[in-house]
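Given next, in structure tokens, is a single chain: the form predicted alone.
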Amino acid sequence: MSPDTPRSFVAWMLSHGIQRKLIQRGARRGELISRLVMDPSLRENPFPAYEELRSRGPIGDNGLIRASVDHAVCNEVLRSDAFGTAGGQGELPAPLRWLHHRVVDPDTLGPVDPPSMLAVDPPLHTRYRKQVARAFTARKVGRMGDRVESVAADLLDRLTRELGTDTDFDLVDRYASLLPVTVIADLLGVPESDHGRLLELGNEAAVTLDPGLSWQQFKRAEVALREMHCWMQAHVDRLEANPGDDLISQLTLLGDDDRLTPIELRQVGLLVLGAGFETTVNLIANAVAMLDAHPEQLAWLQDNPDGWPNAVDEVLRHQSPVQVTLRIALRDVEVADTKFDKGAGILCYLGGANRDPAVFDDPSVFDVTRTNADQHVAFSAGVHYCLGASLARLEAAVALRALYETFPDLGISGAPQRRETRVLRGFEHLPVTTGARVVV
């Protein structure tokens, strides 16, 4: 089915179109929460707006939805079984949510559409997470350290050869995106020949995490999602015929009681794939930008390489790769003296909660030696806590240490270009230079 159809348009209207009109109306009135969603300048630098929202109390309300940058509130909401995703599109009234589930094309389901783990609550979420968690145990992640080291070394060796006497390259295109996609592709049994195209499609589909997409944005993302679903089904079919020791093969071999449907398997695989590189790409590039702005801290890390893991947590806190997540009240509940009726939504601004002065001293200051940097909520909390958090931390610490060992004078050489996404915070392009080098 072509994405440019009445059915697709109805799906857009229900998931984004109506919402977009309401958000635009609020933004034109200067309403802060709406501006955080729509204003391009706040997408570039949301932090002053977070502080304005903080000054209004633990929970803000614009009449349509509530929002918080309060660390305690966000932590409570994310951990509470009184809040969840409500099965995706939870901000819609139940009849419209039912209609959306009926009209959406299963071959274009995105990361916030059921049965994605991001869009379902227990017990269904528990069932999916149980099957995937086996690939992310502490023991398995620990054993992946050598592989991450090897990937980083291979990428940097190749980059050095390809640069020759040149000193300039795009960090995102040539390194920050390639390391995590290689690692997660290994986990899912994806051949190297598919890495590049999956990166492109993942970047095109990532916008579906954002609220209030335009019809044109929605159509472009739908095309990418359709191709990703087609690729994933073919990949599953190949592994069913010739299973390996990867996660997808393990999922295809589950017994009848645990077996996932074809749509469930595609959604689980695509979410692990996308989440496995999207946020880590942003994390690595954000770290390079922050260290370029704080050369004294980079120098300290180069002298104290054991500090890289804590530095990664400080980047996660200060420049959270995921800035906001939505939760819906699953029953009547009260948080911070605010009553939520069943079905009411709240935006938890992780990027704001991670700068809460009640938790972090001088929260706007970037400090790789911060003793409680790991108290951030960049990976969410509760049942939806990121399964790959340990792997992301490992990849970033290894990637950054190896990068600066290879290019100790690395620095930004041009104007960085931020991604246009609002939920994900990172760089589309980050031009860097290695400094003067002598090629032997």
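None of these values were measured; they are calculated from a predicted model. In case it trips you up, residue 1 is the first one in the sequence shown, and so on.
There is another form of this protein, the form predicted together with a small molecule, and it is not shown here; the text below is about that form.
Subject >> 4.5 Å heavy atom contact, residue 60 and the small molecule in the predicted complex >> reply: No, no contact at 4.5 Å.
**OP:** May I ask you to state whether residue 384 is within 4.5 Å of the small molecule in the predicted complex, using heavy atom distances?
**Re:** Taking the distances in the predicted complex, the answer for residue 384 is yes, it comes within 4.5 Å of the small molecule.
Original post:
Quick one: does residue 379 come within 4.5 Å of the small molecule in the predicted complex, counting heavy atoms only?
Top reply: Yes, residue 379 is a contact residue.
Original post:
Wondering, does residue 276 line up within 4.5 Å of the small molecule in the predicted complex on heavy atoms?
Top reply: So residue 276 counts as contacting the small molecule.
**OP:** Would you mind picking the one in 235, 100, 129, 226 that has a heavy atom within 4.5 Å of the small molecule in the predicted complex?
**Re:** Selected option: 129.
Original post:
Of 205, 347, 288, 322, which one comes within 4.5 Å of the small molecule in the predicted complex, counting heavy atoms only?
Top reply: Selected residue: 322.
Original post:
Can you pick the stretch from 252-260, 112-120, 154-162, 171-179 whose heavy atoms fall within 4.5 Å of the small molecule in the predicted complex?
Top reply: Stretch with heavy atoms near the partner: 112-120.
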